[in-house]
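The chain that follows stands alone, in the form predicted on its own, written as structure tokens.
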């Protein structure tokens, strides 16, 4: 389908379009014209990704600036899906235009996912893969090989050196599988192929961290121009990603490894002083002239990047007391020993970075300034010593990152030292949390640097929370409803069981036998009537374990087992993947299955249960965060004092966005159908329901907000019977989707209304003037 939005011709790769897709594209176009940030909430399963790509690719090709698209998503599966959609779109554009546009679209993932080297790709730990890759690809390793030393090089990486960076792959859209197949066939490294081709791409699709985490963004994304269009898709958790990118945890174990790392570094420095003292002297001279002079390695070879944001980097020479290698090693040793001593406490300590630095100075005479240079100085030393096996220094790198962050930032951070893992533990296992409390710090450079930033997801409500938390002004802020020819999903709130006892996951009520039994009865009744797949979500792994154990002793699981297979999500990703595969197989072969999952887990965030894989979803309780967490308490206090966001408002907002995310798993298109059950009496209150996305709210009727188990079962049976009735494409025409003629008719109506409004406004102006 080809249509116009203002003066922009848009090629959309389907013969029909949803009304909300068209509205979404119009708002997207206006936000790109205006520049700035847009916040758009689009219903689940209504083709958000293809709408976004169709509009932006049309925008790229129509206007002379040819602005690059940086599309950020969260998981590998979502990156792959977006690349597949882009590939389909470009094939459609070629068929419509009659020629192939000069276009390159690439996706970037970690070395672990893209490596082809036979021995390295077998490693399961990402840090080990990175370290082994560096040991075969660093420039000095190649020099050693040329000098006749017995070192191993990576053939896949070496083959890239003979080619121009702009011609490593032909034009086209390359999914992650395509690029690895191409690399296998031509013996070229897919990871470095994509890294080197980034400046020449029209579309880059990668993870949030490549833009938001300064340690990675500095290496990968620093050459991107200001007029790029940045899209954060599935961005309901973007504040948590920002916070994680500037937070770090140190444990006793990591400090012991850091001590071994310092000793290994000291040994290496002494060896180099004996064999090639000129190396260290040259590095010293560069450091005297300034840090930027020392940083001569290519981005690909860096052991670590500076963990602070670009505008917080110090553009000056490294302090004199850490310029010489042996002095810096002694400095590190002293700082690590201080941290180990600091960990030997038996009570909780919470303090600001300023207070921590004062304590460091009082005990060790270490100033803040040399600490700020710690990460860059370690990077420079590792490079000068030409250390290939960098995996031995990961913990030391962590300490250097911590030192740089704690000495750079004063506001929006807190240090919390917890000596015990749990409240009741008696054996110390201390953790030092350096936690970022202000999500706006990490995302600010993105808003400052790029002309257009789009934040979009299916669950962003309430929208006004994001501009407050992330400190930006949005040019467009919109939540779209869902146009349906028939209600293909049924949202309900169960507030009490069949025995009329209220149900809730409130801490004081959650282990009440009547609540546990009523929750179990809900599961039994729904497993009887729902065909194929049923997904149930719980607020936490702890509650899931506790309730499953109680259900086992009550005989509830045995009853459910008669109707469906029972599978459980665990914190282990491999076990969860296996459970998902078994669940899908059981749904496909007619046995049916129940998947017991956790809000904020892998299943709730990135797995779609389309059609028979998810005919009902039950949210047991409200997924509040663990409110006794000291880090959460510190963040709530910060939000209240700095941005005037009340604790209760933030906690409810956070719980409801995760509940909505769980509900959205079951509906993946307008030809899909499913039941959404919110099982907790607190969902009956309007202050909770109004925080659900608009597209869910509009289909919750007053009669479905205060149900008992048996009433909800009666409603669900009626709904499933209605879904079994014949429903053709023709019934949806003009309502839930538009043909080209419907779209033209809508555009004409909109134009008439706009003209009438303009005329009315002009008349009012004339009356005022007279």
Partner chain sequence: MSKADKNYDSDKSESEDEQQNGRVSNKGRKSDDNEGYTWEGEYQRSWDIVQEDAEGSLIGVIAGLINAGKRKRLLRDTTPLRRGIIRHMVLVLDLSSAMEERDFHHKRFELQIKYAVEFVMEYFEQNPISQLSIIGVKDGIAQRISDLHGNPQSHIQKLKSLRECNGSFSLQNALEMARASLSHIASHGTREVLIIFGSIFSSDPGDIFRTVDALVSDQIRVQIVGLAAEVAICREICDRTNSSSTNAYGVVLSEQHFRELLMESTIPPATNSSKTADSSLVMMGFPSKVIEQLPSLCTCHSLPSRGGFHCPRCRAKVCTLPIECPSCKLVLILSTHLARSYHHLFPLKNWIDLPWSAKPTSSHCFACQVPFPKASEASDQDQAASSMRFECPSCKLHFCIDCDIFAHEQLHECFGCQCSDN
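Just so you know, these numbers come straight off a predicted model, no measurement behind them. For the two forms, the rigid core is made up of the largest set of C-alpha atoms that agree within 1.5 Å on superposition. Numbering follows the first chain given and starts at 1.
Only in words, not in the display: the form predicted in complex with the partner chain, which the text now covers.
*Asks:* Answer for residue 397 alone: is it within 4.5 Å of the partner chain in the predicted bound form, judged on heavy atom distances?
*Replies:* Taking the distances in the predicted bound form, the answer for residue 397 is no, it never comes within 4.5 Å of the partner chain.
*Asks:* Considering non-hydrogen atoms and a 4.5 Å limit, does the partner chain approach residue 530 in the predicted bound form?
*Replies:* Residue 530: contacts the partner chain in the predicted bound form.
*Asks:* With the partner left out of view, is residue 119 within 4.5 angstroms of the partner chain in the predicted bound form by any non-hydrogen atom?
*Replies:* Because no heavy atom of residue 119 falls inside 4.5 Å of the partner chain in the predicted bound form, the answer is no.
*Asks:* So, in the predicted bound form, is residue 50 in contact with the partner chain at a 4.5 angstroms heavy atom limit?
*Replies:* Residue 50: no, not in contact with the partner chain in the predicted bound form.
*Asks:* Of these, 377, 682, 157, 564, which has a heavy atom no more than 4.5 Å from the partner chain in the predicted bound form?
*Replies:* Spelling it out, the residue with a heavy atom inside the cut-off is 564.
*Asks:* Give me the residue from 589, 91, 354, 167 that has a heavy atom within 4.5 Å of the partner chain in the predicted bound form.
*Replies:* That would be 589.
*Asks:* So which of 740-748, 711-719, 60-68, 27-35 is the stretch with heavy atoms within 4.5 Å of the partner chain in the predicted bound form?
*Replies:* Among the listed stretches, the partner-contacting one is 711-719.
*Asks:* For the spot marked by 612, 725 and 731, is every residue within 4.5 Å of the partner chain in the predicted bound form through some heavy atom?
*Replies:* Yes.
*Asks:* Does residue 701 show a Cα shift reaching 2 Å between the shown form and the other one after rigid-core superposition?
*Replies:* Comparing forms between the shown form and the other one, the residue 701 CA shifts below 2 Å.
*Asks:* For a quick test of reading the superposition: does residue 729 move by 2 Å or more at the CA between the shown form and the other one, rigid core aligned?
*Replies:* Yes, shifts by 2 Å or more.
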